[in-house]
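This document opens with one chain alone, in structure tokens, the form predicted alone.
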Amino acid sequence: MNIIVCVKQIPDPETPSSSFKVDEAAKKVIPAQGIAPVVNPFDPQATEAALRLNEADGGGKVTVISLGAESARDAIKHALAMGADEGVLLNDPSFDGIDNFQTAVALAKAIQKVGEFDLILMGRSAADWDMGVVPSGVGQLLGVPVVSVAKAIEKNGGSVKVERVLDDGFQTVEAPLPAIVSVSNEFGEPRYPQLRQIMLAAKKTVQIWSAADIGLGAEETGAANRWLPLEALYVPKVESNVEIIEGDSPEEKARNLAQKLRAAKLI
């Protein structure tokens, strides 16, 4: 099968809260000094799923696509070291500040430029914004079915059989190929690249495509053209105000509490 895997580089989720800062005026996260960004933790599962499917199918090609800064090349290289074949980095100044929906448009354009595909795999969500809307957005733009939050994937002739994770159990569905599947951490541990694979991946070329290369105009990119305007970005302040309700008996304490709540117009 020809499988495309979309990966993302994000700030390290293990960053200490004391090192996490936000530029509220610019509405941007300030990168923590001395802490390198990492691959989105759900994405190696998507790469692992692609490799397992092709191994079971007797071969195939895995192309990895990422949208981000130059450093996102490392996320692609990790997938190549796992066993993926080719990598494409979507890198352009106009991608700075775009939202999830613009990201879906850019990925869909890039996938169309890559060419024919049988399956697109992504992590269930990006751990930085944790919205999980990109797979569905790409599916709508490409006109292919989308199956989300997969814990197991199996090719079944011209379709894909997926076991999904639900809040109260699991669900098995089948979708015709081509399709998009978002992979959850329940899929299992991804393989760890060996030194030889890492060295081979370092020699593989990662193509760099700009917005113009995938047919995106200035009116489709940039923070000014976000589908979902960002009104504010800030670190929430957690405050607490505790008042002890006094009373000589449980009944008196309850009465005093009721009076406090009534005075605050809560009851």
Partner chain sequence: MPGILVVAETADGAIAPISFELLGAARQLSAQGGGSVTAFVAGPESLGAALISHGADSVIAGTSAALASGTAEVLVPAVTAAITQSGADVVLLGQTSFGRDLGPALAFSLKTAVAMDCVELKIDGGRLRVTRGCYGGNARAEHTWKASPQVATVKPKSFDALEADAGRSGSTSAIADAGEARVKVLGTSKAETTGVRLEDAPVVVSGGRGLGDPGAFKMLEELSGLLKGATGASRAACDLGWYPPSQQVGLTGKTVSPGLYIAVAISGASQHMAGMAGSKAIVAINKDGDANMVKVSKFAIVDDYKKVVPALIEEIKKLA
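Positions refer to the first chain, counted from 1. Since the model is a prediction, treat every value here as computed from it, not as a measurement.
Although it is not shown, the form predicted in complex with the partner chain is what the next lines describe.
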Taking any heavy atom pair closer than or equal to 4.5 Å as contact, tell me whether Leu230 reaches the partner chain in the predicted bound form.
yes
Is there a heavy atom of Lys155 no more than 4.5 Å from a heavy atom of the partner chain in the predicted bound form?
no
Spell out, yes or no, whether the shortest heavy atom distance between Glu243 and the partner chain in the predicted bound form is within 4.5 Å.
yes
I'd like to know if Arg164 sits close to the partner chain in the predicted bound form, meaning any non-hydrogen atom pair within 4.5 angstroms.
yes
Options 171-179, 90-98, 74-82, 110-118; stretch whose heavy atom lies within 4.5 Å of the partner chain in the predicted bound form:
171-179
